[in-house]
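Quick setup: one chain, the form predicted alone, written in structure tokens, and binding and motion questions come after.
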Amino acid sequence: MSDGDESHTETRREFVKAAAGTTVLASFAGCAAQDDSGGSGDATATPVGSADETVSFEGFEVPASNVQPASELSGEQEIDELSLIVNPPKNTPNDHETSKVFAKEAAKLGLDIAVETKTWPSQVETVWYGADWDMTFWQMVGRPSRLDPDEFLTQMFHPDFQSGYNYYFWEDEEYTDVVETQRRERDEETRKQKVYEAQRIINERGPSTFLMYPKKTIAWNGAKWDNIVELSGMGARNMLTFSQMEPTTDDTQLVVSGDAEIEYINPFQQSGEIDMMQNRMLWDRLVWPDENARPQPRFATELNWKDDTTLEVPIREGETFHDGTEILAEDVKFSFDVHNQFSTYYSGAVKPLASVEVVDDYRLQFNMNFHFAPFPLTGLGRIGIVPKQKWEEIIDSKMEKENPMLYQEETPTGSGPMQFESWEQGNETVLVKFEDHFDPIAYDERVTRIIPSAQTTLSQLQEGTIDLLGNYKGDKNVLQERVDASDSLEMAATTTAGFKQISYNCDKPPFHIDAFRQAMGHRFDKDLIVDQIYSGWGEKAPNTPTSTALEFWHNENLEDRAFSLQKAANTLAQAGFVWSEGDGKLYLPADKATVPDEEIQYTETPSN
């Protein structure tokens, strides 16, 4: 289904002019090719078959053996028009423009590519729940659990997740072995080398081309608020900011903007980032990330690995829930067990657990099915601590539907630094300071006000009606201009743990061939994309989902594919792709023209 916006098609006929049956004898040793940006290419940009006959097309040359009459090529080898799905330009203008630029550059190789606009729900229906798609523009955002590289590296690329986040249907035996090894490795330095190795494999033959790691832009009233924390990979709007920021005036009410309605205030469920911020401040976690995105004890006091599969966790003593009842180890155990008992948003976080034991009132033992290295951040850092007695009563007698994530407490009760005051859906939510918290905040109240219009949000920030942008989706250049022109406003632009990518369906020709995906990687001018289309609001990505923001985990030795038409053609020619005489249409290698059929099951809606 399309939302009605015009599709944009790029065809080989606009860009490819074959040298109609003409071959040239050429020895290219010592000759420098020109890359797409006009600079001198290195030896790898020289056409393959340097001493053989070659055929010239516009912008590249290939060995004559890779050019055949169309009458000699089978129907199975033909590459039909390829579609690239992206959201409408009115919603994501830069993403749409990037897609158009790529389609035009890829078409130069002898392809027909259509840029097809779909709304997000329609894109999900087609890509996430379906198999009949070719390419899609996709973005993943930074979240606390994604500050460990495992969530992206495993869930998006392991074959066991082909019913979920591995919507590419990609499989690689070497990668599967490496990524499974890294998540079971207890020594952190050894694990890091495995994470580097996983990134190398994705860089070489993965199912996506990663374009950039976007910058999260957050502005606030610096005349009223101090001690804003930039969390690596997440930006300035995060749990550290909301727990540490301080007012510089007598006004102790913090007003934050939100661009979408809060859907849930529930410890077992969440939807967007606005929900998550309420959640993290209402319900304590055993672990939080520090400013460098590394896990640190929060409600836990220590993390003691007794052996590879046994983690002992003492908790803070004498702390209470918002209703005054003391928090004991049995509450923490219950909080984890619920996610195993029911299918909740966070159930995946507790899957590595065999059991949770109460050692005494202030100490627990987490027994793992196997050593799971990411667990401190992706498990202990995600599960909110709830009062056992209250939720046992809810589960036993109050739930109309058989899942606690579908139950809305009249007064949500946690133990975090803020407690629930009121919620007017579609308008605003009010949280107030929990005076008895072990890490008390320095202000009295936080109001999250839903303001869908980016322009209205900016105006209210300038006027002082709101104090901090919760999630600004407007023009970042306009935001920067407003901040620069103001004596009171400040702004942070932080590279995130998320990424923008073009994804390929590896269950459909020609994307089932590694070389084709590799060749596509040579058709992205990332400097132009980041610097001009996105106006520098991001960092150019080598071909890895592990962002440069995760300094400890990012493999900085990866060589990204140069923007080069000749290198793309060389990659295809070496893999046996064929161009037809006369019109320069690209065909599949004869021995790789089909993909084995597999039955694919589909599952829950993605949360990007």
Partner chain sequence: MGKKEFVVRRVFQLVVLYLAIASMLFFLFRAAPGSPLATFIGTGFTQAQEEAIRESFGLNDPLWLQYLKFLKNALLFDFGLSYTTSKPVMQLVGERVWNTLVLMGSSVVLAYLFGVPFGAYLAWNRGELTERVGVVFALVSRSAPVFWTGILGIWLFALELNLVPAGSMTSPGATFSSKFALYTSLDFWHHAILPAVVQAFYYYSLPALLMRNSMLEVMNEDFVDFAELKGISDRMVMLRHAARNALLPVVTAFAIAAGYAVGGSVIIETVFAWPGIGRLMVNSVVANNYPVAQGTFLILAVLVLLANFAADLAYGYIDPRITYE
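Residue numbers count along the first chain shown, from 1. Quantities reported herein were computed from a predicted structural model and do not represent experimental measurements.
There is also a form predicted in complex with its partner chain; it is not shown, and the following applies to it.
Residue-level contacts in the predicted bound form: of Tyr472, Trp128, Tyr362, Phe334, one residue has a heavy atom within 4.5 Å of its partner chain, and it is Trp128. Checking Gly536, Pro452, Pro93, Pro159 against its partner chain in the predicted bound form, a heavy atom within 4.5 Å turns up for just one residue: Pro452.
Only one of 196 to 204, 160 to 168, 232 to 240, 503 to 511 lies within 4.5 Å of its partner chain in the predicted bound form by heavy atoms, and it is 160 to 168. In the predicted bound form, no heavy atom of Leu489 sits within 4.5 Å of its partner chain.
Put simply, Val478 is far from its partner chain in the predicted bound form: not one heavy atom of it is within 4.5 Å.
Residue contact check for Trp423: one or more of its heavy atoms lie within 4.5 Å of its partner chain in the predicted bound form.
Using a 4.5 Å cutoff between non-hydrogen atoms, Glu400 counts as a contact of its partner chain in the predicted bound form. Contacts with its partner chain in the predicted bound form, taken as any heavy atom within 4.5 Å, map within 251 to 284 to Gln253, Val255, Glu261, Glu263, Tyr264, Gln269.
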